[in-house]
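Just the one chain here, laid out as structure tokens, in the form predicted alone.
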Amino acid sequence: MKKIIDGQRIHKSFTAEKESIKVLRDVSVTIYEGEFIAVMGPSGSGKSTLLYTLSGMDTVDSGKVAFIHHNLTECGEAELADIRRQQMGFVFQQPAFLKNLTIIDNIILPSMRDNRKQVKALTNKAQQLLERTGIGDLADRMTHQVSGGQLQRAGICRALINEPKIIFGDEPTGALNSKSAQEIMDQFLQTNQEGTTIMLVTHDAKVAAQSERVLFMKDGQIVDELQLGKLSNQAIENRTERVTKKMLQVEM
């Protein structure tokens, strides 16, 4: 399979109260094109930091991160911003939408920098994405007029608007009830089935159980992984049990 992300020997530290805290310790990870990968671990294990470094949202102290044919560790800020906007999508626990814009305007906003003359085409595309995620009738609503689950679906639409190679999700279901969380996962699964690579950070074993491969982190390192394969018709309960069991072993 073709590599889409290749991180090699990544080290990352932060300074807090004049003390250097090592968050990632010699981490190497490869993500393949079309893969659906989840990352789990205790709080403070380095999950989110790994996502930020692999996506070029944060720098590394040492090591290398390659995205397709780009060496992200050697790119300048402007080039990194272009790569993220044009080839990556992001979904966070709390969608960062502008309160003075409608849902659909928030969705097309990231694309305006590259497509200022194609507002109508972008709007049509955004409406199609909203229809696909089941919230087509909310296009002209303001962000405070929709539920958390609906806003997160809109966040997925925004992540998909530029047809990214990969979507990064940092606890995208963390603030949702179980029904809304599964609706969001259904959207991720559909997106992955259409060929988009997905990497999710999560604390939820049921969310991780729907991925193909789960990486487990502890103390800034990847200490184990679980190969689950495509979800297909496998019982989600059995997969969730396997993920939970492995996570308990990691936390011991």
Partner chain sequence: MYLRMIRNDLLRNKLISFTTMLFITAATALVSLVSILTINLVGSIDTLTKQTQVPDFLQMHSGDLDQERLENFAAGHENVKAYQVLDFLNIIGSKIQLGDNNLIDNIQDNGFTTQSPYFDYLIDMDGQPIQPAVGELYVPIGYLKDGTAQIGEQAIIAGKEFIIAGFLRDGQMNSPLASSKRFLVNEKDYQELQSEGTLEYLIEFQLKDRSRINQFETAYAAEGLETNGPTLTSSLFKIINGLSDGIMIAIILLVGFLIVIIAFMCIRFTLLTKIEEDYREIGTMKAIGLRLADIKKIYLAKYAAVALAGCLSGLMLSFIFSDPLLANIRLYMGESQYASWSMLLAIFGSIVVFLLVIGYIHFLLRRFRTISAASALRNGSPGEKSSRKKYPFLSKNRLLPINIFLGVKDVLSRKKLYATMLIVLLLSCFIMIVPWNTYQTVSSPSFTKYLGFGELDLMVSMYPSDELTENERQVDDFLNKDATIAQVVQITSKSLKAKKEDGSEEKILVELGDHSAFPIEYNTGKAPAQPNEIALSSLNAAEFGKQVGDTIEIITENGLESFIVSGIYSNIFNGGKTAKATFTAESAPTMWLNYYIKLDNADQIAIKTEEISQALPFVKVTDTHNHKQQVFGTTMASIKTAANIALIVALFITGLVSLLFMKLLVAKDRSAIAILKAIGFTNQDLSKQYAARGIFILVIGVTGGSILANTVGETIAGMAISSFGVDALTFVSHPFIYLNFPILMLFVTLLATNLGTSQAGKIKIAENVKE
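Please read these numbers as outputs of a predicted model, since none were measured by experiment. Numbering follows the first chain given and starts at 1.
What follows is about the form predicted in complex with its partner chain, which we do not show.
A.B. asks: Can any non-hydrogen atom of Glu131 be found within 4.5 angstroms of its partner chain in the predicted bound form?
C.D. replies: Residue-level check for Glu131: no, no contact with its partner chain.
A.B. asks: Using the partner position in the predicted bound form, report whether Ala66 sits within 4.5 Å of its partner chain, counting heavy atoms only.
C.D. replies: No, Ala66 is distant from the partner.
A.B. asks: Decide whether Glu225 counts as a contact residue for its partner chain in the predicted bound form under a heavy atom distance cut-off of 4.5 Å.
C.D. replies: No, Glu225 is distant from the partner.
A.B. asks: Would Asn100 sit within 4.5 Å of its partner chain in the predicted bound form, counting heavy atoms only?
C.D. replies: Contact check for Asn100: yes, within 4.5 Å of its partner chain in the predicted bound form.
A.B. asks: Could you spot which one of Asp58, Glu212, Asp61, Glu183 gets a heavy atom to within 4.5 Å of its partner chain in the predicted bound form?
C.D. replies: That would be Asp58.
A.B. asks: Here the chain is shown alone; which of Glu77, Asp137, Glu74, Glu163 has a heavy atom within 4.5 Å of its partner chain in the predicted bound form?
C.D. replies: Answer to the contact question: Glu77.
A.B. asks: Since the partner isn't included here, can you check whether its partner chain sits close to all of Tyr52, Arg85 and Asp170 in the predicted bound form (heavy atom within 4.5 Å for each)?
C.D. replies: All of them do, each having a heavy atom within 4.5 Å of the partner.
A.B. asks: Considering only 77-114, what residues come within 4.5 Å of its partner chain in the predicted bound form, judged by heavy atoms?
C.D. replies: Going through 77-114 in order - heavy atoms within 4.5 Å of its partner chain in the predicted bound form - the hits are Glu77, Ala78, Ala81, Asp82, Arg84, Arg85, Phe90, Phe92, Gln94, Ala96, Phe97, Leu98, Lys99, Asn100, Leu101, Thr102, Ile104, Asp105, Ile108, Leu109, Pro110, Met112, Arg113.
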